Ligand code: GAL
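Just one chain follows, in the form predicted on its own, and it is written as structure tokens.
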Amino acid sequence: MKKIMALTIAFVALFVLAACGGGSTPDIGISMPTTASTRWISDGESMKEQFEELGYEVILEYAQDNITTQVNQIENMVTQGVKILIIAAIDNQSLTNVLSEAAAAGVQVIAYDRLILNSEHVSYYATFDNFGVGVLMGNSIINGLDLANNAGPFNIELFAGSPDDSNTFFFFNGAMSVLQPHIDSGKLIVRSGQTDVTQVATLRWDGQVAQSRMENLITAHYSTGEVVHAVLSPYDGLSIGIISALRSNGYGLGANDIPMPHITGQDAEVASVQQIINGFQSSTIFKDTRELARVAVTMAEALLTGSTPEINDTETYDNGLGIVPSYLLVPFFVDINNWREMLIDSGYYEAGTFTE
């Protein structure tokens, strides 16, 4: 009877532990910024799946673009005993204290697609060639307007990402490296005069903010017959808002409408790829987040097993306290001519995702 009682108690104890997560200590903490963008959902789930296939315990959390929430979530991950943190920061300068706490607990940090600034405790950075992303966007406008053969002038307005995301400046500078000579020559005209990244930045990459700004630009600078010929947009979520503003002001594909400007984007989100198919957005930049997730997972596993992660860049990304060793992936240009090859044939999206 005593043996039966002891076995029963042990079984109950094991059941309770299982219900509470088995009492196991998680290996990896993944902190993503928001579920408002489908790409962050894809990134987080892809990493979690890959880690779990390798047998690691994972915590995956989204902070819904709230800085305090992200800090609290990271603190909780450290408290739970994670060995590695993978962080896509909402604000690149708000994590200094919590990363110091993580370092004191022996936790190593991989910055994911957004460089974390002003912390000596960022071990590695996994991202894309972000300056190259901007160059692709700029060239999309140059080729879309055929500036090599057309004298212009063409009117262009510029948008940039969130000022607290270091990628914003790489994207913008990359684009302007090819657009600025045409602005200087007068072939491209920014009628608003807003050409500095601080003037055109969009806090939290908010599409509604971009839509409101585009509407204001049209009212202030295009109300007496002038036409917008191109818009530099660094993210599909902004492009959607920009397109809404333009269409509500008479731009579109109808016989009596003003032709849509050449509009860029980034992340190949479903809604924007559909806009490309429909003729309202000109291009986007495809960053295969499956590969980025794979790189981050490979980096983390190397650290967990005492190896040195593979990197391919030791010069580009200075976070204010030193160069962060990085692995940069190649971005790809997508437009009406190659979207099926890049996004469907590659298996990134399923056939039937889009309406043709």
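What you see is a predicted model, and the numbers here were worked out from it, not measured in a lab. The first residue of the shown sequence is 1; numbering continues from there.
What follows is about the form predicted in complex with the ligand, which we do not show.
Peer 1: Counting any heavy atom within 4.5 Å as contact, can you tell me which stretch out of 276 to 284, 149 to 157, 103 to 111, 262 to 270 lines the ligand in the predicted bound form?
Peer 2: That would be 262 to 270.
Peer 1: So which of Y327, W40, Y56, Y317 gets a non-hydrogen atom within 4.5 Å of the ligand in the predicted bound form?
Peer 2: Filtering the options by heavy-atom distance leaves W40.
Peer 1: Whether N167, F171 and Y235 jointly form a contact site for the ligand in the predicted bound form is the question; each needs a heavy atom within 4.5 Å.
Peer 2: Yes, the whole candidate spot contacts the ligand.
Peer 1: Residue-level contact is defined here as any heavy atom of the residue lying within 4.5 Å of the ligand in the predicted bound form; does W205 satisfy this criterion?
Peer 2: Looking in the predicted bound form, residue contacts with the ligand include W205, since a heavy atom lies within 4.5 Å.
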